[in-house]
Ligand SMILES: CC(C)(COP(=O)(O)OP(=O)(O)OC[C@H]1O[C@@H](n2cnc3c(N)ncnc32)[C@H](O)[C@@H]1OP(=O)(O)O)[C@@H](O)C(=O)NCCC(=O)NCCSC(=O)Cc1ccccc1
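Quick setup: one chain, the form predicted on its own, written in structure tokens, and binding and motion questions come after.
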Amino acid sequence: MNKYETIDLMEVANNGAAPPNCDITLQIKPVSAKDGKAKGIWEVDEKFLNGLGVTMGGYLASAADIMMAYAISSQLQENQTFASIDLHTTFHRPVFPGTVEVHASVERLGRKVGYLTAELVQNDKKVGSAVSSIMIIEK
């Protein structure tokens, strides 16, 4: 048994419940999660910048992974949970301090594995995308 409290991501995204610590640390706010689609708003500031003055790529991957968790959660049954088993991220252009929209979608959902995608958009331009395989686990 996990000694840490689990958080219902649907309650966070759709009813304003307190988010997990990773969301707070990354400063990403889920706006909605329903029917395999999720949207979040990520507020990027100077603490996410690398030595070149742009957002470090690992943070983009984390933002995508977080919102894909909300998307998959909207498709699972009460007796199921999940874990990312593969994450590929493509960086299309630099991300600067400001607002980034993160859109995630469940593209395919099988009995044991789901396939998800995410897009990150800043100033109406795609700055990153990610694909992930998610293992579905029966509790």
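The first residue of the sequence shown is number 1, and the count goes up from there. Owing to the predicted nature of the structure, the values given are computational and were not obtained by experimental measurement.
The same protein also has a form predicted together with this ligand, omitted here; what follows describes it.
For a residue to qualify, one of its non-hydrogen atoms must sit within 4.5 Å of this ligand in the predicted bound form; none of Lys34, Ser73 and His103 qualifies.
Mapping the unseen interface onto this chain, Phe91 counts among the residues with a heavy atom inside 4.5 Å of this ligand in the predicted bound form. Taking the partner from the other structure, this ligand in the predicted bound form has a heavy atom within 4.5 Å of a heavy atom of Asn50. Remark: Val54 counts among the residues lining this ligand in the predicted bound form, judged by a heavy atom distance of 4.5 Å or less. Of the candidate stretches 78 to 86, 64 to 72, 108 to 116, 91 to 99, only 91 to 99 has residues whose heavy atoms lie within 4.5 Å of this ligand in the predicted bound form.
Although this ligand is not shown here, in the predicted bound form the stretch 125 to 139 places heavy atoms of just one residue, Lys125, within 4.5 Å of it.
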